[in-house]
Ligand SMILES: Nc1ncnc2c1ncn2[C@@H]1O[C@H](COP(=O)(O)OP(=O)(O)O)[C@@H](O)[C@H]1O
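Take a look at this single chain in structure tokens; it is the form predicted on its own.
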Amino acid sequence: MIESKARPAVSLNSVHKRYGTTDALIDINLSVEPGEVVALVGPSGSGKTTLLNTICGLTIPDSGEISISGQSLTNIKHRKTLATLVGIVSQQYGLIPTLPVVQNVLAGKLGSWTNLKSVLSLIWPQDRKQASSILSSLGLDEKINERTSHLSGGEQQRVAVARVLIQSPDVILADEPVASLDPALAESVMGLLSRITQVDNKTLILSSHSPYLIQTYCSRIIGIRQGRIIFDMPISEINDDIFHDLYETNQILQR
């Protein structure tokens, strides 16, 4: 008996997105398997953020199909279902500055909680022990009760990472998840994300401008420029010339 192949964690078929007269994504075809750690690289404005936002449903494509763990995004009507499938750490963090750190982290649970539990958590944070454990792994255990607006940019970035980790979706998306961190902290956070991907068979897709972190923690690299995928290859095949060509402003798009 032939075993059926597991469904891709992420599948995009001919996805196109336009803003006004600008094509942000052009005919994107992409398949990512469970357990992969994939890096998106490319110049600023190349479409990386738009691609991540499209995968998680924050941005609606003009055409094309997107599936997460075999479920079409267009057919997912309930927030709780989507929250189990995909979560994102965005560049803007999306935190509520007036709330304490613990409640910003626990916001990642809202998709799985009942309405009653969500309301109760505003008065007395639910699942506090789990939030504390995740914050501790990110070096923020002493900040759990602090007002989020009092944190530095790097600390807020780690709170945003903690929120998606407690959400525990099948697919984790991260838009420059360590951009505000010093090198040691960046390695620590990337190591944590990589371990979670391996241990829990999650899928991680992240954008980054750091060749070192990409080559250390990612298994696959996708180059994007002017809304198009320029290359998609195993990390073992990447070299400095490929990075240089992708970021070179005078490089001709079509070769």
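These numbers come from a predicted model, not from an experiment. Start at 1 with the first residue shown and count on from there.
From this point on, the text means the form predicted in complex with the named molecule, which you will not see here.
Peer 1: Examine Pro43 and determine whether its closest non-hydrogen atom to the named molecule in the predicted bound form is within 4.5 angstroms.
Peer 2: Judged by the heavy-atom cut-off of 4.5 Å, Pro43 is in contact with the named molecule in the predicted bound form.
Peer 1: Under a 4.5 Å heavy atom criterion, is Ser69 part of the interface with the named molecule in the predicted bound form?
Peer 2: Outside the cut-off, so no.
Peer 1: Please tell me whether any heavy atom belonging to Gly223 falls inside 4.5 Å of a heavy atom of the named molecule, as the geometry stands in the predicted bound form.
Peer 2: Result no; Gly223 lies far from the named molecule in the predicted bound form.
Peer 1: Since only the chain is shown here, I'm wondering whether Thr22 would be in contact with the named molecule in the predicted bound form (any heavy atom pair within 4.5 Å).
Peer 2: Thr22: contacts the named molecule in the predicted bound form.
Peer 1: Tell me which of 22-30, 182-190, 215-223, 196-204 has residues with heavy atoms within 4.5 angstroms of the named molecule in the predicted bound form?
Peer 2: Heavy atoms within 4.5 Å of the named molecule in the predicted bound form occur in 22-30.
Peer 1: Mind listing which residues of 46-71 have a heavy atom within 4.5 Å of the named molecule in the predicted bound form?
Peer 2: Contacts from 46-71: Ser46, Gly47, Lys48, Thr49, Thr50.
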